[in-house]
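Just one chain follows, in the form predicted on its own, and it is written as structure tokens.
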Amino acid sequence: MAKQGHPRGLYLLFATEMAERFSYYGMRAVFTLYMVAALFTMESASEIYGYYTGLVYLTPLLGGYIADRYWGNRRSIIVGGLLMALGQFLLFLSASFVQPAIHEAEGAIDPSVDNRFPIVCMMSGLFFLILGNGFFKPNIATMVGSLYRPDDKLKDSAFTIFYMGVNVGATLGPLVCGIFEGDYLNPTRFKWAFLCACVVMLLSTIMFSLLKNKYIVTHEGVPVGTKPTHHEKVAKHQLSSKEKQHIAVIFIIALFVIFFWAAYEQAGVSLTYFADQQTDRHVFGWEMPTSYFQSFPAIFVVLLAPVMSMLWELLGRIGLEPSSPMKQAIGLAFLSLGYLFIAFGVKDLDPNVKVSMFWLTGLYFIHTLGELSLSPIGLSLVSRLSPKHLASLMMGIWFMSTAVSNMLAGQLATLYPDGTTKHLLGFIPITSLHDFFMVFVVMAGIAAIALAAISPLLNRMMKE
């Protein structure tokens, strides 16, 4: 049985994660556009986006702990999926009752329009999305690794397949939900995007619930992700020195990952504003919805993942494959290069002029090379280095770094130029798009150099 390839449970997890990412990225593609269309200023919307996406990746710490100690992975995924479906439904209600409130000339909110109920629905929806994701996110990734023996060479390949599911969902979500993109004249149209995300999340949770007992098992037929036994709860309170070093590696790399995602996650906020306001989106007379740009990174992942996989394999055969930490340093370098590319494209750009889609598309292409060098490698590394009885908790800690980075992303997005001079750290002036994008060039570049410098030390810690 062990030689028959990947267990069928991998493909059920693939489909479940694909649907969840459809729901998340479909909602995220229109979320800031919805807020700016009727409810908040651009700066306030950026801050709300940052807190939401940050907390989405912070609650997996709690969800991972509850799964490891009490519920198991399966129950956590089902509860999380239902809570996220409820959250999307509340966003649907929010957009159903919202009223146009933006003056086109002033770009300001009309104080006479009462949108308190839509705001309450939106905030409640975000609460359930945050809570639900905490139960869902760390447990489904952990289950992928649990389907395999610790020494199974198929594990890295399994995470690559799983990551493809992530990006198929991330591709389809903005494309489908973006069809229902509204504007300040018709903000209620956004409701259909949120309803799409709700229905897909609900159906995928039902599918997982019905099929989990049949397919979520190891090659030997042992159920995966069930409620932990009393022995598993009390076993191995003390960590060995080797386990402590492995956990330290996870923490160190997670620290550097913060800088990657803080810059990368501008896709849902400042880069969305850039696509909406300063990018010519016309293709043969058709104006592409702004939210479609958020599908570009996922499309590039689907196209480039096999290429990157073959590249690592080729380098491995000739003894030149970089270590996992060095691959992540390369990912940070690509991120810096992507922002350098677009910073060159917008240098001395008049605020009233729109640029070609070439610049934003090129940035997303370069960033995808960085993502493929960093993200799936990180998931596999956490699965490989985590003590078995702390697997979900450690995955939650890994996602905690993404939480911090998303909050940072929202704060950095408030520096997006609006005709006034803004200041980074209170003294670095940001007056143009070029200045704004150069912030990320420097931030990611310094992080790449630092991680590359300590990679030999991390490699020794991983082996000892």
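Start at 1 with the first residue shown and count on from there. Because the structure is predicted, anything quoted here is derived from the model rather than measured.
Only in words, not in the display: the form predicted together with glutamine, which the text now covers.
- Relative to glutamine in the predicted bound form, residues Tyr163, Trp261 and Thr402 are all within 4.5 Å by at least one heavy atom.
- The contact with glutamine in the predicted bound form, taken as any heavy atom within 4.5 Å, belongs to Ser375 out of Thr279, Ser336, Ser375, Thr368.
- In terms of contact with glutamine in the predicted bound form, the residue from Tyr57, Phe31, Phe40, Phe436 that brings a heavy atom within 4.5 Å is Tyr57.
- Contact with glutamine in the predicted bound form, judged as any non-hydrogen atom within 4.5 angstroms, is confined among 306-314, 339-347, 93-101, 163-171 to 163-171.
- Looking at 120-146, the one residue that comes within 4.5 Å of glutamine in the predicted bound form, counting any heavy atom, is Lys137.
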